[in-house]
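Presented as structure tokens, the chain that follows is alone, the form predicted on its own.
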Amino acid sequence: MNKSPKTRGSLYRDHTIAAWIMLAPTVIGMVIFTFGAMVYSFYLGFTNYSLINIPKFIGFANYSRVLTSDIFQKSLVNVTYYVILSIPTSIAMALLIAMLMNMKIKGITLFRTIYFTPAVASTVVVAMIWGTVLNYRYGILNRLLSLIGVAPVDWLNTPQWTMPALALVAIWSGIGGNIIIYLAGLKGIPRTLYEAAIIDGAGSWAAFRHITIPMMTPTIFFSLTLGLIGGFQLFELPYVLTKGGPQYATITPVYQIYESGFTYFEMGRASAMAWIVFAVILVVTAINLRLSNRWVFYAGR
């Protein structure tokens, strides 16, 4: 039955009001607890607030203090090193495993479940498990390495090995989620492209290089972007496993924000750090987005 324009307009208005009523709790929560908190932290970054005193405006003193801090600069280097170690390795391994799981072989569902299991565990639980695995005296990793003649390594107390150890844990815990993303991307590649390549005489390597990789670049870009944002916010692993040590080898900017705010109660300094980290992530993401025009292929463009 056709409805009059007035009736359709009334229904549209009623649906709009109902939608806003249902969205209101979430929108109000975001405005108060996300955007409101951001604005307030931006203000605190220019104060000497320490939870027990009234915030006093001190200009850019917090930002100057943070940017000239050797430890903060060290934390930026650490987290950059962690990103370089973990993200390319994670992407390459996840893509390789996803391609294997994309094959039609018996029991593949079981393997997909096994590989995805670490993704559902909390980072703290993962860190505690790996704290045992990486233990110098009784850790299973050193025991396995001893079978091939490698001397035991104090993974969590040797400055040059702590960050690679954290990257290893991060890759292990995050690879399941990436595999799911890459599997979805692989399923979206038209089979006709591979069939045409076979007819033209292309081998497996040529199909991988000229079909799989180009068609997967949007998925890789998505994974890379999330990895960069998450990598520069590294906190749980160093907090649980190393407490930022040894010799500040695993201290990260977010770890310093936590220490400044909740250990030393320097909320002003912590807020300044948070905005500097936000700016760093924003710049890195913008560069990544800008460079994507050179290597990300979108079908139909």
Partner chain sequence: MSRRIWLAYGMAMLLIVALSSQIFAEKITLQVWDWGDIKSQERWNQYAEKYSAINPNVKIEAKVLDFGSYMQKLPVAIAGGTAPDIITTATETSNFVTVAKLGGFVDLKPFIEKDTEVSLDAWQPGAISSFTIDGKLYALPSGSNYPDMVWYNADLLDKAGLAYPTPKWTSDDFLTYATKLTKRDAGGKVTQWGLCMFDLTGVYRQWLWENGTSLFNSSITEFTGASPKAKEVFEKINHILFKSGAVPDAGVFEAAGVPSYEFFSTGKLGMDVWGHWVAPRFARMNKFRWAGVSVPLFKAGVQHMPALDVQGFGISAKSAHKKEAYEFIKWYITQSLSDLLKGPYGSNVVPAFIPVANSLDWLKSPPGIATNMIINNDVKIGRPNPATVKEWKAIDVFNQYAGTTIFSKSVDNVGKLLDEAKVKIEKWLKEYKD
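Since this is a predicted model, take the numbers as computed values, not measurements. Numbering follows the first chain given and starts at 1.
Form predicted in complex with its partner chain: not shown, discussed below.
Of the residues given (Y63, Y43, W275, F265), F265 alone sits with a heavy atom within 4.5 Å of its partner chain in the model of the complex. Put simply, R191 is far from its partner chain in the model of the complex: not one heavy atom of it is within 4.5 Å. Taking the partner from elsewhere, L51 is found to have a heavy atom lying within 4.5 Å of its partner chain in the model of the complex. Contact annotation for S122: none of its heavy atoms lies within 4.5 Å of its partner chain in the model of the complex. In the model of the complex, at least one heavy atom of G245 sits within 4.5 Å of its partner chain.
Annotated contact segment (heavy atom within 4.5 Å of its partner chain in the model of the complex): 132-140, selected among 108-116, 132-140, 90-98, 214-222. In the model of the complex, its partner chain lies within 4.5 angstroms of at least one heavy atom of each of the following residues of 143-173: D154, N157, T158, in sequence order.
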